[in-house]
Ligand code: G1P
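Next up: a single chain in structure tokens, the form predicted alone.
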Amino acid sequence: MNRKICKAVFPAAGLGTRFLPATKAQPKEMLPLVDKPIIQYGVEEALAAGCNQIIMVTGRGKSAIEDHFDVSYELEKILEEKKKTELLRVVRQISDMIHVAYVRQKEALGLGHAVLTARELVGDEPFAVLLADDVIDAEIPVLKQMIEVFEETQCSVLATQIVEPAAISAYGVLDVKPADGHHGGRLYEVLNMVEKPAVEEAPSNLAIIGRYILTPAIFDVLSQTQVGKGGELQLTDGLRALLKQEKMYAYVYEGRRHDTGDKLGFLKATIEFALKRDDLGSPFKEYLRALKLD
């Protein structure tokens, strides 16, 4: 059976403590890169990959996400009356872009728990998971690259990238072997994975990045997985258990990743996205050149 990926899950119930006080009263997912919220980049990637059903796993204080993707009749009316047609087009494009369903994660009990919370909305079909913090600039959307692998293998696919040894302990790290296929040496079969290992204990330099394609078998596995580090249900623990039942692949994606969940990563992403803009790039570049930096 050739299964397709139509649903994309966005875990968005985290507290965003690294960006306090900015995230005291607004979701971290709504922090803007130039003039677009972080989470919108991920939603646009999912749409470009062919996912037409978006599932947001939210929590307390996340209503701004729902408002952003909803229709804003008052704003549209004002823009229409003031003949601001381009802004009106941008605003309507957001609300027209997708069908969004929301499910509430009542407690922030980890990524695995967030995925499990989406079970009823996903149903018995394979699906994608995107972590909004990872904004990936790619000519071909990363999720689309991964869906091509899934359509060939019909197995779970994890996005991965090479990470420097100094940073390896911040990631889930993969033990892999090269996979046969037509993906230019970028595809690996997953043998095992370790959550945040010390450098000397890491099985490779391939880290799991915030894009996943998962089979529905993950739900039964997660429901039986014990709580792990920090009292949370770790997705990595569930994936390790799923490996005992079925094959899983890791794909070294093509693209530039920005970790916008980190302050420095957020600043770098803001600068790089601004420089790529037709309306901002040239004057912003001139401004940066004029700065007297030590």
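Treat the numbers as computed from the prediction; the structure is a model and nothing was measured. One rule holds for the numbers: they count along the sequence shown, beginning at 1.
Keep in mind the form predicted together with the ligand is missing from the figure; the text below concerns it.
With respect to the ligand in the model of the complex, the three residues G172, I209 and Q234 uniformly fall within 4.5 angstroms at the level of their nearest heavy atom.
Contact with the ligand in the model of the complex, defined as a heavy atom within 4.5 Å, holds for exactly one of R240, R257, K62, H68, namely R257. Screening E151, E80, E195, D137 for any heavy atom within 4.5 Å of the ligand in the model of the complex leaves a single hit, E195.
Per the 4.5 Å heavy atom criterion, the ligand in the model of the complex is contacted by stretch 126 to 134, the sole one of 176 to 184, 213 to 221, 141 to 149, 126 to 134. Among residues of the shown chain, L88 is not one whose heavy atoms approach the ligand to within 4.5 Å in the model of the complex. Using a 4.5 angstroms limit between non-hydrogen atoms, L111 touches the ligand in the model of the complex.
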